[in-house]
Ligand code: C2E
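Quick setup: one chain, the form predicted alone, written in structure tokens, and binding and motion questions come after.
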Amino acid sequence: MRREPVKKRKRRKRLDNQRRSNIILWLTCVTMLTAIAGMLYLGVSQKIISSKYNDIVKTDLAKKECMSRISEGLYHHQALIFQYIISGDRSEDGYNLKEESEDVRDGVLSNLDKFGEMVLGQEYESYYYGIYSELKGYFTNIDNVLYFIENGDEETAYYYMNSSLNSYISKVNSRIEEFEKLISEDMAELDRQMDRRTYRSERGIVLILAQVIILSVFSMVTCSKISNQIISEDALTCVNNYEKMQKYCAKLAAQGKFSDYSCVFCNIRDFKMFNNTFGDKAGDHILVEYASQIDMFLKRDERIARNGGDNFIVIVQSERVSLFLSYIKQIEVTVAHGGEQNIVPVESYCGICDIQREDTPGAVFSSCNLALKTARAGGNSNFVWYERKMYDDMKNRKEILTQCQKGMRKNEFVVFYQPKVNMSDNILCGCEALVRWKHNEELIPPYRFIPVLEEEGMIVELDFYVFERVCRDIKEWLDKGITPVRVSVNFSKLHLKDSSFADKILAVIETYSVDTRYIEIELTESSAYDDFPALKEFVDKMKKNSIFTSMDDFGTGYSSLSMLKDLNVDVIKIDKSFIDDIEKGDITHEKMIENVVHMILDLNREVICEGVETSGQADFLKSIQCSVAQGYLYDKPLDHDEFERRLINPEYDIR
């Protein structure tokens, strides 16, 4: 027997929830009226109420204070645990952090006990049990995190930190906020009813109170059912959410059935394009239809869950995983746009993990996520199966990141300068700043760490690290009476996401009091494809402040020529791949290079060819009026002292 499709189930649940909501609204009104009637009865004992009023207020404030201390303590505890984890320090300081976190934990539980004593037998008692349950889950996960960290399993520890702890804290705070709101409402109601009096018989008030209790219990049960449904399902697609999927997988693991399945992490390819093309509403429709079609394919014991955005987790029987991957290739969605019905093929990136008997849900999800990242990074297939090498690569990247962070603090990164030479007179006329990493007596080339830093975003920090050292070196040479040349400094395209990028460059230049004529900011051609408006705005601001800009890797993209007229850069660097084929007798290729160089010169841009390694290449470039070259024919990248000597003696003896 197949389960209902998502769309049908969604409509049915919406109607059920509407009916339940109407019932709850009616019951709430009845309950409020009944409660007011009961409170009116208390008016006959105004004196008693007045004398007890202050005690009630004090008690309620004490309850709120307990709640505040629980909330503050919970945040403090999480911060200490996080500090303990990232410090990686198992010395006395780490021990002290852990001891302090245990003290905070004891304080939180102590305040919870105080609150429980105050609300015992009261209508607020449910909040105590709710908060107790969430705190129990939170501290259980904390224990798991500490266990995994202390046993070297950082992957699972970070998974618990990211997937569970914030959720528990959010739920605790939500319950506290509800409680504080209820306390405030009750105190306000008490104030209003202080002025009211009425007469009710003892049997009448007993009946009223019985009705209130019955209606309240019924409302609470109904609300609990709706809340459980909301908590376990994604609001948009009505499939399971991540937490529900996690619990289901844990249940399978406990039954010894988890290894009968495969886990697939799905991500809709180019989903941002759908939103930009059809609009956000249509994008939501695509998500619902995508989830619905996958859900209809699955058997009763298989599951799909939305993991935020356009990401989905699917648990499918291992013998059906190939069939599922074939099915997901064929998903199409009909989208209304511009008065027309458009059939849109929805492609997916998938990371797949074949679950083993010893695997935990957390480990499986992490493995699938690694495979999905590999698929999204590009390759031969959109579907990638998890391999142990992926974990090793991830661990290696994390190690590189950690060592790079330490390396910057220890000034292990050094700047080398590769000369640029005017080929008409063989005189040094500029240079490019290149970073090298001196780590453990080894000079590590950029290709071993730059891609990792670029992928993780840490390249932004390294770029400014290099730029500051360049400015410092220029100032040092000027102070020595040595005239420097213009230095081009590479910046990643990631900087363009920062609206203050240009201001940060100007601030560094001002800090070192460097004349802007010695500075050139170099960005790659691909920067224009990712965010051309941001690049243009940056280049224009540099031009306004008399700072040179250059485009590196020119010719490796697809729209290079058309962007030149709109991008007011000062220097165009012809990529080495164009120069390599010179001297091979390809007249067409040489003619193309000649035309490109002439076009750049006609646009009043400077042109430089990188990767020049032979005299024949240099002679050809001179013949087509390209006067500046960079490459091993003239010089390799030089360290600070070697380049300083070259500044003093700028002429090359090239024969």
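The first residue of the sequence shown is number 1, and the count goes up from there. For clarity, every value in this text was computed on a predicted model and none was experimentally measured.
Beyond the structure shown, there is the form predicted in complex with the named molecule, which is absent from this document and is the topic of what follows.
Proximity of His285 to the named molecule in the predicted complex: non-hydrogen atoms within 4.5 Å are absent; the residue sits far from the partner. In the predicted complex, the named molecule lies farther than 4.5 Å from every heavy atom of Asp619.
Taking non-hydrogen atoms only, Glu432 approaches the named molecule to within 4.5 angstroms in the predicted complex.
Remark: His439 does not count among the residues lining the named molecule in the predicted complex, judged by a heavy atom distance of 4.5 Å or less. At a distance of at most 4.5 angstroms from the named molecule in the predicted complex, none of the three residues Ser71, Leu112 and Glu177 contributes a non-hydrogen atom. None of Gly107, Pro446, Gly309, Gly457 but one reaches within 4.5 angstroms of the named molecule in the predicted complex through a heavy atom, and that residue is Pro446. Site annotation in the predicted complex: the residue of Ile85, Ala253, Val466, Leu401 reaching within 4.5 Å of the named molecule with a heavy atom is Val466.
From the list 291-299, 545-553, 237-245, 471-479, the contact stretch for the named molecule in the predicted complex under a 4.5 Å heavy atom rule is 545-553. Along 573-593, one residue reaches a heavy atom to within 4.5 Å of the named molecule in the predicted complex: Lys576.
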